[in-house]
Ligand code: G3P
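Starting off, we have a lone chain in the form predicted on its own, written out as structure tokens.
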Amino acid sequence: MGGKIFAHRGASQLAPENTMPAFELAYQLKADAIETDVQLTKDRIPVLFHDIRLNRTTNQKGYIKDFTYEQLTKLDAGSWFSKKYIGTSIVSLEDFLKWVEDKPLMINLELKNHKIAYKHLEEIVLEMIEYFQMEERIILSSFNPASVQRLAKMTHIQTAFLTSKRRTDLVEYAQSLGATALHIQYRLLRGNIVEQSRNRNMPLRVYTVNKRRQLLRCFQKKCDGIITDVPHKAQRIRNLFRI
């Protein structure tokens, strides 16, 4: 059955996003996959962080790209969420892949290069995936069409074009970039896009789906993946289709 459940930034409604507690919870809640975001530090270490600035989810201000990895490891990326998570740190891609290596989880790495064009982000991430020999378990995604095109030339790893923009030829456009999957914002989900992606043998995944009604609709339409902050809720709803 399709409809794989991707824990968006980990179980991010239950623990601080993109941190080890959120990833651990996603695993315990039996998500099929984890979605997380990759950016580069000043010294070009890939780290898992969503915003280009540190302000919202840490005790520091400024851009990720202006801090070294060592500086970032000293920050508190948990107390904004709750006191329980004081002292939770930013995670490197390397540490995350070490942790996930022996777990039966798929991984969606979103390259955050549509606002800041991190030089060589694709190569650095691919090198690390190859080092851990995890090519078969990874999906790479980006909002940046140029990045998708670069990835298509560099690797056979499944690559998804991410978008929130409506266009009639979206599936065709994604394929023209070299994407092998399409990740769309929930409001773009229509019967024709499901049909087009199926006809072109292109996995279709939907983000960020948290409401019961929306989750039901994604499972009914047999989307290949549902990216959600609430994997436990998605599990319960998916089980309705297995009765």
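Don't overthink the numbering: it's just position in the shown sequence, from 1. Nothing here was measured: the structure is a model prediction, and the numbers come from that model.
The protein also exists as the form predicted together with the ligand; that form is not presented, and the subsequent description refers to it.
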| item | value |
| --- | --- |
| Listed range touching the ligand, judged in the predicted bound form by heavy atoms within 4.5 Å, from 192-200, 63-71, 213-221, 35-43 | 35-43 |
| Contact test in the predicted bound form: L162 vs the ligand, heavy atoms, 4.5 Å | yes |
| Heavy atom of E122 within 4.5 Å of the ligand in the predicted bound form | no |
| Contact label in the predicted bound form: H50 to the ligand, heavy atom within 4.5 Å | yes |
| Interface membership of Y173, the ligand in the predicted bound form, 4.5 Å heavy atom rule | no |
| Contacts with the ligand in the predicted bound form - residues in 119-150 whose heavy atoms fall within 4.5 Å | F143 |
